[in-house]
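Have a look below at one chain only, the form predicted alone, in structure tokens format.
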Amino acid sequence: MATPVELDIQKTRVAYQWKHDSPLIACRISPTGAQCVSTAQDFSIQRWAIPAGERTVLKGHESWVHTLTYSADGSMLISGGCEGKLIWWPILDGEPKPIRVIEAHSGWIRGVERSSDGKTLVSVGNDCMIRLWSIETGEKIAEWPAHERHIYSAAFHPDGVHLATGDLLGKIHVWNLSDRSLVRTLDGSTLYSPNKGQAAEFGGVRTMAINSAGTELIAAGTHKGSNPFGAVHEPLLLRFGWSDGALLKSHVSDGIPGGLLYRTCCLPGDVAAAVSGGSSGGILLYYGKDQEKELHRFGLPSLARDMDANLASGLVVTAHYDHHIRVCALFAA
């Protein structure tokens, strides 16, 4: 295995970019950093070799695919579609074909994540249900109704005992996986922006991440949604203490009047990376533990909809509306 690189967020740059035939929606980078995947509005999934950029198109969903995750060893990809299906793909070589298709949810699947031990998959979505699956066999392990509104995101705690789920209203529930009991609820309601004039419920916990030490939970999305349909809303990232659920910091970013944080990842040194997309374009933002505003921002060439990071290789991938997948390097050239 290659020696991990030393990250330097100030050195962020686009190292590679490749184009698909349709606007992109979601993306992930493999555990090895040797490939990444994206999804597109033409319902397909694309596998990209890094750094060559060779593209392989996967077809199996009947809708947009908003979420994906790799197995721990990178040999399998699991995708969740808006038609409610989970699909398992052997992703390393050749022309991948689905090996397992499960009718998993009624309506959109908005989040899939794997557990820290790599054995369990969680899926959440518009039907307000949490479902746990065996990654190896696809067997359903458990399910329970969990929220009043759409569930947007989920995150396993590194301790293997707890799961966090976040919804449209900004509620973050922490569950004990052994008996599926509710441990506590964190208040992320500043991420929720109801608009009576437009009869719209907007915002929610669009993304979550838990740091490797298990001491902090990051939740992100948008706030100040004065005109959701007009894309007037600003990015917001919340940092909570894990032990008591207390809000430690609300991170804001000035000068982004049309931004929403689609995904966040934890970097070393208590830094949270997030990608903003919307009418203000695509921006990578990096937030430190003690500062209210971001440490660094990097403007991307087009509106971004998703991101993922591979810390060992120092790479961040972003999916864009202009059909491009972009691979950014976070280290000196």
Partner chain sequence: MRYANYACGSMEHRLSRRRFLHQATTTAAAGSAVIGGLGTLASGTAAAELKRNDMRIVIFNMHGGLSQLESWDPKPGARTGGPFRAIPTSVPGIHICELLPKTAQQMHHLCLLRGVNTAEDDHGKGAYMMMTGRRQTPSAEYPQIGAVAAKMLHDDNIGLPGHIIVTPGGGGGRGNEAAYLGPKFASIHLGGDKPPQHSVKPDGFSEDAERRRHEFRRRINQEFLSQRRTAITDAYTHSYEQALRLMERRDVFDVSKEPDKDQQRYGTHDLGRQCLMARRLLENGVSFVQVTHSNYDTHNDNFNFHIEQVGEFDMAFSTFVADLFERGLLDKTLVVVMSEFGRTPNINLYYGRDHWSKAWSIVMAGGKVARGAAFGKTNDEGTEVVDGQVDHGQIFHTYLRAAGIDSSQSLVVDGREVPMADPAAEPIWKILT
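Please read these numbers as outputs of a predicted model, since none were measured by experiment. Residue numbers count along the first chain shown, from 1.
Keep in mind the form predicted together with the partner chain is missing from the figure; the text below concerns it.
Just one of H223, R114, H150, H162 comes within 4.5 Å of the partner chain in the predicted complex, counting any heavy atom, and that one is H150.
Out of the listed residues S71, N211, N227, S253, N227 is the one that sits within 4.5 Å of the partner chain in the predicted complex by at least one heavy atom. Proximity of I25, F43 and R206 to the partner chain in the predicted complex is complete: all three residues have a non-hydrogen atom within 4.5 angstroms. Residue heavy atoms within 4.5 Å of the partner chain in the predicted complex occur in exactly one stretch of 228-236, 72-80, 93-101, 244-252, and that stretch is 228-236. The partner chain in the predicted complex is not approached by D127, whose heavy atoms all lie more than 4.5 angstroms from it. In the predicted complex, the partner chain sits beyond 4.5 Å of every heavy atom of C265. The closest non-hydrogen atom of Y286 lies beyond 4.5 Å of the partner chain in the predicted complex. Proximity of F298 to the partner chain in the predicted complex falls outside the 4.5 Å heavy atom cutoff.
In the predicted complex, the partner chain lies within 4.5 angstroms of at least one heavy atom of each of the following residues of 293-307: L303, R305, in sequence order.
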